[in-house]
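Encoded as structure tokens, the following chain is the form predicted alone, with no partner shown.
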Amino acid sequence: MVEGPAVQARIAARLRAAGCVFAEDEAKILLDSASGDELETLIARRIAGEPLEILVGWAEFAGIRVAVAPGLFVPRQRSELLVRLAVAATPAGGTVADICCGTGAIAAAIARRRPDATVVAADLDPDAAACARRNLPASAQVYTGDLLAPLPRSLRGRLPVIVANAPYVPTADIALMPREAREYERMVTLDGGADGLSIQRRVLAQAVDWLTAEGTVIVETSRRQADLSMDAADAAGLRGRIEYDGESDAWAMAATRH
């Protein structure tokens, strides 16, 4: 009984020395995930900079455990704001489309909270789409393709909610990101172009044709890009509003038709 906490404390000390901010929590997860030589290998890989979630194969997000895979974008806690906004905007029995879905974490969390809703998801990366299928209910459809293009045409004009955590890091800022992001997540999951909004603008422009008359498109943004997101919504013929969660320092924009 003494050995367990002592081992965990030693692992935490090694992780802390390597710069892991949540060393104690990570030590417990690693200790629960492996033992012996396998545990030592995971510790060494984490110290070398690999994301914890990739090492153990899952991430906690919005109260659920979602599978992750190498190279994919690891779900961030700040994206839970998108889940809350989408859940609130979805009418009874409505359909939610999660675009640039990655692991499908956002779609899975929405499906968990709104079992009455139909959830569909899409991602350009076949590996991401495959991972999303692991995380979503069997009833949810996951498509592979660019933004809204792979969705069934029958959904055009019939989506009350579109949610998208499209890449929004300006290209020049990727070099400034934490090592575990810039070295272990594919650039396509991070790079949003010169000002970070290239893909988001395309999402907003396409959303107009897919939303219902009262539909809402919800995108993640940042403090410094919030005004740009609002401008992008206006250019697409949408009326945006900024939502902010101080606890997670999360920024989002929800936009509806003018």
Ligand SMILES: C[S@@+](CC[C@H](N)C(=O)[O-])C[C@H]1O[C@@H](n2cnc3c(N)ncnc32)[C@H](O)[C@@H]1O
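Being a predicted model, the structure only gives us computed values, none of them experimental. All residue numbers are counted from 1 along the displayed sequence.
Just so it is clear, the following notes concern the form predicted together with the ligand, a form of the same protein that is not shown.
Trainee: Identify, from the list 199, 67, 27, 211, the residue with a heavy atom within 4.5 Å of the ligand in the predicted complex.
Mentor: It is 199 that has a heavy atom within 4.5 Å of the partner.
Trainee: Given the stretches 122-130, 153-161, 84-92, 170-178, which is the single one in contact with the ligand in the predicted complex, using a heavy atom cutoff of 4.5 Å?
Mentor: After filtering at 4.5 Å, what remains is 122-130.
Trainee: The ligand is absent from this chain, but in the predicted complex, do 193, 222 and 229 each have a non-hydrogen atom within 4.5 Å of it?
Mentor: Checked in the predicted complex: no contact with the ligand for any of the three.
Trainee: According to a 4.5 angstroms non-hydrogen atom cut-off, is residue 147 in contact with the ligand in the predicted complex?
Mentor: So residue 147 counts as contacting the ligand.
Trainee: Hey, in the predicted complex, is residue 108 touching the ligand, heavy atoms inside 4.5 Å?
Mentor: Taking the distances in the predicted complex, the answer for residue 108 is no, it never comes within 4.5 Å of the ligand.
Trainee: So in the predicted complex, does any heavy atom of residue 189 sit within 4.5 Å of the ligand?
Mentor: Yes - in the predicted complex, heavy atoms of residue 189 and the ligand come within 4.5 Å of each other.
Trainee: Hey, in the predicted complex, does residue 100 get a heavy atom within 4.5 angstroms of the ligand?
Mentor: Residue 100 belongs to the contact set for the ligand.
Trainee: Is any part of 53-92 within 4.5 angstroms of the ligand in the predicted complex by a non-hydrogen atom, and which residues would that be?
Mentor: Counting only heavy atoms within 4.5 Å of the ligand in the predicted complex, the contacting residues of 53-92 are 73, 75, 79.
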